[in-house]
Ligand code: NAI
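Quick heads-up: it's one chain on its own, the form predicted on its own, in structure tokens.
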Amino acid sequence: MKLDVSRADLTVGVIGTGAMGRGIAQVTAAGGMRVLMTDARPGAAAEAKDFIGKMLDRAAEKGSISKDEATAATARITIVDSHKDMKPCHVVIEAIVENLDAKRALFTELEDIVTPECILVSNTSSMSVTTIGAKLKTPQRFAGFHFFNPVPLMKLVEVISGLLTEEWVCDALMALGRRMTREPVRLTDAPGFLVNQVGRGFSLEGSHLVYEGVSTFADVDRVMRDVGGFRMGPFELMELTGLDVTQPASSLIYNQFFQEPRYRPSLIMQSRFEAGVLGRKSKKGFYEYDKDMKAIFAPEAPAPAARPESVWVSPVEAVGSAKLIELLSKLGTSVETGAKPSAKALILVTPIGEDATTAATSQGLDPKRTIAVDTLFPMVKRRTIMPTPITDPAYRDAAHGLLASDGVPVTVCRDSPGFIAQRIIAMIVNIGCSIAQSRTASAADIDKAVTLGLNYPNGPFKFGDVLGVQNIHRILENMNKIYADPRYRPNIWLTRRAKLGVSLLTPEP
């Protein structure tokens, strides 16, 4: 059996006309296909068609499409009264509430309405495709087709095969996604699919950092923007999506993976979710908001005026040491050249995945004068430093003042294996490798999906290759050793490529 999605009369049904449903209907109609659209709430489908028409007219005004194309696309959308009117459809896309019983009831009803050749798909963002389709008479023609909000702007669509889905169904959906001008990626069923799994590394690890008292919401966001290169930090992102979306999805993924430690939810997120402190939609979240709903960011305190009498840089991490000495030279500071620091020298270490305490004690250095500096990332827009719990505040301030003396801001975090950016990005990479190892998707598709679906500066595998596969592996190994928490254990895909000294994108035959 095969569906030719290039046929001129291709008809697609869309059930549910909220933000996702209306976006799917818009890109379908713009792709030249007929759309039958319905919603359980009276008047909702008509409201959605009116909204789509305005969006298409706006696109025409901007020159993205012609006025005639906009008019024709709107005309291809027909509002129908009930599910029974979906009989002519070649594909029916469900975009209703994320409730398993509701979805199962809908598809059971549709099976007796549409033709045997019609493909049935769910736009679920986190439910198992196999579970939704398990009780259907024909689960072979059922699949997941996960779009991202806002659909017309987000090019990615995940095509998910359930355990019983036949190959031709996903082939057709890949072609259908391209006809909608989306970028489809193919994957097998897994909790959170692909993008939502990787996104846990960003949001959850940022939350765990704050819960441990390592940093603040604002500082984590600043570091991930300026150091990691992300458009938004994890808390800024969760403010937009809302914890009523993020937290239940996190819990669902964690439990569907049988409490896999990598996906362990955060108490910070859970408590806010329960209190209704959800972000912009509740007018209060990780940040406060002014009357115009603009987040209130407390300004960073000015850098201290203090400077050290002298500086000694540990040579243990040769690459990091060289980077830091080069920076200090540009700042007009000479570095002691002795094998050991002098009695009053500021001691700087450059650990990979270790905390300042471990670096100081393992190297036999005075922890009261030791400050760790994150040199894994370019120190151009922001620098991150980390004292031990007993570092003399005078030395901390001297390090801060020195490293900020050229106007580049410095973030001071409390002692933690991996600083801030090392921890978060290592978790993103590790989860990406886990997805590849389980054969949920190819490494190349994982990178493509993450950059398109999450707007990250790199996908997990590109991040690993840019920062160094061995470095990422060391960060995770050191965090795993120091915390004794299996959430940080390196995935075997990553471990093997680190040992072999090859790219994370290296496939297996």
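Counting begins at 1, following the sequence as shown. Note that the coordinates shown come from a computational prediction; the quantities given were computed from them, not determined experimentally.
Quick note: we don't show the form predicted in complex with the named molecule, though the next part is all about it.
Under a 4.5 angstroms heavy atom criterion, identify the one residue in H146, H90, R141, R423 near the named molecule in the model of the complex.
Answer to the contact question: H146.
Which residue, I96, V412, V80, A398, has a heavy atom that falls within 4.5 Å of the named molecule in the model of the complex?
Spelling it out, the residue with a heavy atom inside the cut-off is I96.
Does V12 reach the named molecule in the model of the complex, with heavy atoms at most 4.5 Å apart?
So V12 does not count as contacting the named molecule.
How about K103: is it within 4.5 Å of the named molecule in the model of the complex, going by heavy atoms?
K103 belongs to the contact set for the named molecule.
Taking the shortest heavy atom distance, is P490 within 4.5 Å of the named molecule in the model of the complex?
It does not: once the named molecule is placed as it appears in the model of the complex, P490 has no heavy atom within 4.5 Å of it.
Consider G18 of the chain shown here, and say whether it contacts the named molecule in the model of the complex, taking contact as heavy atoms within 4.5 Å.
G18: contacts the named molecule in the model of the complex.
Of these, 435-443, 123-131, 213-221, 312-320, which stretch puts a heavy atom within 4.5 angstroms of the named molecule in the model of the complex?
Flagged stretch: 123-131.
Going through 38-74, which residues have a heavy atom within 4.5 Å of the named molecule in the model of the complex? Please give them in sequence order.
Stretch hits, in order: D39, A40, R41.
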